[in-house]
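Only one chain is included here, represented as structure tokens and corresponding to the form predicted on its own.
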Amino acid sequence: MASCNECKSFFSLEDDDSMGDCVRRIVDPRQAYYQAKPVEADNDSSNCASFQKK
């Protein structure tokens, strides 16, 4: 089972290693931007389409 803290897109918070942000670069026909969402480090990421091993 892979967890969020094993992903290249996961960045932990400075004061709390159990929480962090999942930051992904989104590219559409008009622009490119970054999308961030708060996640827990030990979340199961086996169903995540954007998971990339560190």
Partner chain sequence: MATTAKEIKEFEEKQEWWWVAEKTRSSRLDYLRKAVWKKGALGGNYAPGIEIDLEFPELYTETWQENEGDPIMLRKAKSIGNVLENLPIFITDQSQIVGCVGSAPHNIVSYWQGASMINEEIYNEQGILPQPEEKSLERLAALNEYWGGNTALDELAKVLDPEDAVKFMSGAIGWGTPSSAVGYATKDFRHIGKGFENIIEEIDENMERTDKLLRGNPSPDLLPLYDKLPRWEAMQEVLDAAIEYAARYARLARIIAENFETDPKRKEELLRIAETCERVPAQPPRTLQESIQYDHFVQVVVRYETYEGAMPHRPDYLHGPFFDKDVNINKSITRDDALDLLGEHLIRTYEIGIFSPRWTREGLQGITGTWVWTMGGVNEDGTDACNDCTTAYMQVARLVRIANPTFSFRWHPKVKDELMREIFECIRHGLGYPSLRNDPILVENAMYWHGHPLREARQWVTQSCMSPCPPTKYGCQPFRMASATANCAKIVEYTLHNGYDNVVNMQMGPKTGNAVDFKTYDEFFEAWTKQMKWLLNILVRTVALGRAKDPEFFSRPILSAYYERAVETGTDAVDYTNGERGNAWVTAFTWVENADSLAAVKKLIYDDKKYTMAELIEALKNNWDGKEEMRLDFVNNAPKWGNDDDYVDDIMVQCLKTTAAHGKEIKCVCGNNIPILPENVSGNIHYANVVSALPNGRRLGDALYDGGISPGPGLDKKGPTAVLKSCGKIDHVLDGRAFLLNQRLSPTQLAGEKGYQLWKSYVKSWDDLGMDHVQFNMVDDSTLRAAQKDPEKYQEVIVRVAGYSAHFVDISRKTQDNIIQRTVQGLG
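Predicted, not measured: the structure shown is a model, and the values here were computed from it. Residue numbers count along the first chain shown, from 1.
Just so it is clear, the following notes concern the form predicted together with its partner chain, a form of the same protein that is not shown.
Student: Could you confirm whether Gln35 comes within 4.5 Å of its partner chain in the predicted bound form, counting heavy atoms only?
Tutor: Looking in the predicted bound form, residue contacts with its partner chain include Gln35, since a heavy atom lies within 4.5 Å.
Student: Give a yes/no on whether Ser46 approaches its partner chain to within 4.5 Å in the predicted bound form, heavy atoms considered.
Tutor: Result no; Ser46 lies far from its partner chain in the predicted bound form.
Student: Go through 10-25 residue by residue and record those having a heavy atom within 4.5 Å of its partner chain in the predicted bound form; state none if no residue qualifies.
Tutor: Phe11, Leu13, Asp21, Val23, Arg25 sit within 4.5 Å of the partner.
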